[in-house]
Ligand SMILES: NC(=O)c1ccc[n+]([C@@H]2O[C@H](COP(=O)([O-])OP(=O)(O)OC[C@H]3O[C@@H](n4cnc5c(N)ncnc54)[C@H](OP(=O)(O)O)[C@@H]3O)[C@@H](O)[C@H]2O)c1
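Shown here is one chain on its own, the form predicted on its own, set out as structure tokens.
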């Protein structure tokens, strides 16, 4: 288990005001019980991607008193801020300073999607990574990913990466890289780090009663969080699972689960139970999009499946009071030229949709939710 430092406890609603006392206890508690992978990124604990976050400098303080020597530290190059190779070098130096370390163990090109990948290739990111490796400023080079499977495979094949970080949980087997991407990367020798095993906590709380009823049928009783984490750890190809814990109780529960979870430890009956839970979630989708991608490419550039995924997430797990956090995800994962508002209503996509979704009308609903007012 790795400790993800994107959702640490805060003082009030300001993401930049980390509750340092509580968060320090949590992280050190995890390290004391042999968690040795700590993950952060340049914008974590800031109002948005284009702001400088507080997670990295906070971690430099947490890892004092000998704790830095006990962990492998992971952070990420903010790819959306990069305009030239000098920017890459400048951000890495700044991150080394912010983290108060002379070497970052696992360094990633952050959040690769079609646009960022194109830019990184043009700027010859691989030259920067090779120099950083040769100089001992980083030990392992990888990437985190938010886009479609075909792009994921292209990125895997392009460079001699050590590892990758991808979103994976029992609802996202065919979302973004998914199971196929995970297996492809592993077959190429990459270490697999998993983010969002609980979908930002969505699979641990606010569980629909029908899903809870399915879990209650199991002989061994488990919390929703344990079902979700055990499903990911059941895959022997997964190297590390990043959990974004934000309470001491989260740390205690996650450590307990990590100590008993093993590859292939779930029975066929238990996997069937998780499959039933997944089916219930999918039946509740507001838009019945399977993410097949037949609607793409959109002539206007809209990422239709991702827009629908963000809309479905809100209707599965959100509420008006929580809209701001879903809005943040929408803006973080979708560049402006790929959002619902770019749709020109040409309806070319609807000719190819295997689910016969009225895509243009549904995109209007996405725009109304996230881009109006």
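Positions refer to the first chain, counted from 1. Remember, it's a predicted structure, so these values are computed and weren't measured experimentally.
Missing here is the form predicted in complex with this ligand; even so, the following discussion is about that form.
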TODO: Tell me, out of 199, 81, 278, 137, which residue has a non-hydrogen atom within 4.5 angstroms of this ligand in the model of the complex.
DONE: 199
Open item on the list: Quick check on this chain: which one of 298, 190, 274, 242 has a heavy atom within 4.5 Å of this ligand in the model of the complex?
Closed with: 242
Task: Per-stretch contact check against this ligand in the model of the complex, the hit in 248 to 256, 181 to 189, 123 to 131, 89 to 97 (non-hydrogen atom, 4.5 angstroms) - done: 248 to 256
Open item on the list: Given that this ligand is not shown alongside this chain, does residue 205 nevertheless sit within 4.5 Å of it in the model of the complex, heavy atom to heavy atom?
Closed with: yes
Task: Exercise: residue 294 in contact with this ligand in the model of the complex, heavy atom 4.5 Å - done: yes
TODO: Considering only heavy atoms, tell me if residue 225 and this ligand come within 4.5 Å of each other in the model of the complex.
DONE: yes
Open item on the list: When the contact criterion is heavy atoms within 4.5 Å, does residue 6 count as touching this ligand in the model of the complex?
Closed with: yes
- [ ] Decide if the three candidate residues 175, 284 and 306 all line this ligand in the model of the complex, where lining means a heavy atom within 4.5 Å.
- [x] no
Task: Residues from 140 to 173 in contact with this ligand (non-hydrogen atom within 4.5 Å) in the model of the complex - done: 144, 146, 165
